[in-house]
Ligand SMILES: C[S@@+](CC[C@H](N)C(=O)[O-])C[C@H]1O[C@@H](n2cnc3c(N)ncnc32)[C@H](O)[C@@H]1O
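The chain below stands alone and is given as structure tokens, in the form predicted on its own.
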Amino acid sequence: MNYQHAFHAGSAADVLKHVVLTICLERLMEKAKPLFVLDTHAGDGLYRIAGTPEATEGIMRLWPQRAHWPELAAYFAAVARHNGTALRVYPGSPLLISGLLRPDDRLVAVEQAPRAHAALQQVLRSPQTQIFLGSAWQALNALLPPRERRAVVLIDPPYEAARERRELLDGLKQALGKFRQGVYLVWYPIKERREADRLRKGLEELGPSLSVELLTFPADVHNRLNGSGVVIINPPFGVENRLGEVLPRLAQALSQDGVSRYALQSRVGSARTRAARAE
């Protein structure tokens, strides 16, 4: 699977990832204490989406109806901040995060590709933000634990090579060993069900988790991105209930064939504490 930020900008997969991210940040920012956010695969930061098929089946489906989604007001406001009357560009995760930060919060965005790093420097300028050129896994080791002692870490690799799954699991184990109480959000594509399940289960074994999946096609449609998921390790209190309210509507709105397909599963250790599924 090769998931490039620019190609999939504004897609259903992006919508799910950014909705989950926004809800987690909102919950954590209900406390006054400063928050550190680390985006390990930051990308270009801002993408043109007018007329692109991925965005047409993602954010552009929701945009005309955004007034009817009050529970996603912060997410839509973050997208609107970069657009005029029409939806022409879509902000990647570092710009979404930057727009939500409070004065004492801090963001570090890491990008390994020099071209994307240079593009991000042009669109993300804030005294609360640092942009580093380098490896996500080195950043996890170097930047944790943060001085704030409260953190959200977003990890969404391109999954270009099979070794990335092992690097991801190894990097997360190391990060959790240094900073157990952090909130870690790991995005993954669903192209082949068995492979996606293997990665999800490996992530769930690392700590208390909440797994969120949304498919726009049946999982057995081969050679395409059928959906995506996010595993939240150490999910903030209240996030599961918020997603339980939002996910069914989101799955229905973004479905390609009218069938709602989603899953929400909470695990504490090896015990499944709640499961909701529709397909």
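Just count from 1 along the sequence shown to find any residue number. Everything numeric here is computed off the predicted structure, so don't read it as measured data.
One more form of this protein, predicted together with the ligand, exists but is not displayed; see below.
Colleague: So which stretch, 33 to 41, 51 to 59, 211 to 219, 65 to 73, is the one near the ligand in the model of the complex (non-hydrogen atoms, 4.5 Å)?
Modeller: Going by heavy atoms within 4.5 Å, the stretch is 33 to 41.
Colleague: Which residue, 89, 78, 116, 183, has a heavy atom that falls within 4.5 Å of the ligand in the model of the complex?
Modeller: Spelling it out, the residue with a heavy atom inside the cut-off is 116.
Colleague: Scan 203, 136, 107, 120 and let me know which has any heavy atom within 4.5 Å of the ligand in the model of the complex.
Modeller: Partner contact (heavy atom, 4.5 Å) among the options: 136.
Colleague: Using the partner position in the model of the complex, report whether residue 207 sits within 4.5 Å of the ligand, counting heavy atoms only.
Modeller: Looking in the model of the complex, residue contacts with the ligand do not include residue 207, since no heavy atom lies within 4.5 Å.
Colleague: Is residue 158 one of the residues lying within 4.5 Å of the ligand in the model of the complex, judged by heavy atom distances?
Modeller: Yes, contact at 4.5 Å.
Colleague: Does residue 129 make contact with the ligand in the model of the complex, using a 4.5 Å heavy atom cut-off?
Modeller: No, residue 129 is distant from the partner.
Colleague: Closest heavy atom of residue 93 to the ligand in the model of the complex, within 4.5 Å or not?
Modeller: It does: once the ligand is placed as it appears in the model of the complex, residue 93 has a heavy atom within 4.5 Å of it.
Colleague: Do heavy atoms from each of 188, 240 and 261 fall within 4.5 Å of the ligand in the model of the complex?
Modeller: Checking in the model of the complex: none of 188, 240 and 261 is within 4.5 Å of the ligand.
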